[in-house]
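Next up: a single chain in structure tokens, the form predicted on its own.
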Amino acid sequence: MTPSGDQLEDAVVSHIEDRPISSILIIIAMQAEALPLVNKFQLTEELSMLPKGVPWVCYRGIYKNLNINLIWPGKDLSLGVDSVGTVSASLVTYASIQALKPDLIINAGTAGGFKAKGASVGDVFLASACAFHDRRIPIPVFDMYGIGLRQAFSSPNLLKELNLKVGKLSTGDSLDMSPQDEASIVANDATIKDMEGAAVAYVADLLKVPAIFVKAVTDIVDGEKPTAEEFLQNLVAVTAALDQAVTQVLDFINGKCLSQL
């Protein structure tokens, strides 16, 4: 009997999940978040992997048995600030997957947290799922498309070993939170809030690459301090916590298959 298309696809997926992970793609939005990891893993800048004319920056290197590729979207060519947000994240993720064919994506970065859901500054979360909170399309089925819920790759052993917190991630293109965004975030049952995760999750799901999301809390969205002020105040210290967590994640992944995560 000839195997069906679904059977062949399942067999390929099973083979991939039982093969040791060798290629990691780290997607990270800001230079302040990226450089500590670049230095930690002694990564070197690689220009040939990227389309001409884009500000994106690629760093490559080997850590233990892992080929590490760290990509950040670089600085906006007109304004000189980090190219944060969903558009840059989507483009970088798509181009990087096409060029590098990674076994696993790690979207690492900082996030806002909700004290009502148990988040504190400096906490590091492994996101269980990602959704958008600012794509409101109040038409049946389109509303679900706008939310764009995607599950992160299941990694129960990683979660248990590193004792990370877990929570749902909600993504939008604004640092602040409007009342409409807040209502959507509550509906998403989110514990943490960022500006890239759901976009990375969408592209990873589209191209069938497993992705995990490691987010360190810089500010408490439902706290007393203004978000922008608290974010800038805590960015350096929280980036150090992110650096440590990503290192622990890579140490755990080293030598393992996807099915062992």
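On a predicted model such as this, the values are computed, not experimentally measured, just so you know. The first residue of the shown sequence is 1; numbering continues from there.
Although not depicted, the form predicted in complex with another copy of the chain is the subject of the following passage.
J.: With the partner left out here, check for me: in the predicted bound form, does some heavy atom of D189 sit within 4.5 Å of another copy of the chain?
T.: No, D189 is distant from the partner.
J.: Does L77 reach another copy of the chain in the predicted bound form, with heavy atoms at most 4.5 Å apart?
T.: Yes, L77 is a contact residue.
J.: Although another copy of the chain is absent from this view, report whether L206 comes within 4.5 Å of it in the predicted bound form, heavy atoms only.
T.: Output for L206 is yes: heavy atoms within 4.5 Å of another copy of the chain.
J.: Do P156 and another copy of the chain share at least one heavy atom pair within 4.5 Å in the predicted bound form?
T.: Contact check for P156: no, nothing within 4.5 Å of another copy of the chain in the predicted bound form.
J.: Between K168, K117, R135, K165, only one gets a heavy atom within 4.5 angstroms of another copy of the chain in the predicted bound form; which residue is that?
T.: Result of the distance check: R135.
J.: Given the stretches 36-44, 59-67, 211-219, 227-235, which is the single one in contact with another copy of the chain in the predicted bound form, using a heavy atom cutoff of 4.5 Å?
T.: Comparing against another copy of the chain in the predicted bound form, the contact stretch is 227-235.
J.: So which residues in 85-121, when you check another copy of the chain in the predicted bound form, have a heavy atom no farther than 4.5 Å from it?
T.: Heavy-atom contacts within 4.5 Å come from T86, V87, S88, S90, L91, Y94, A95, Q98.
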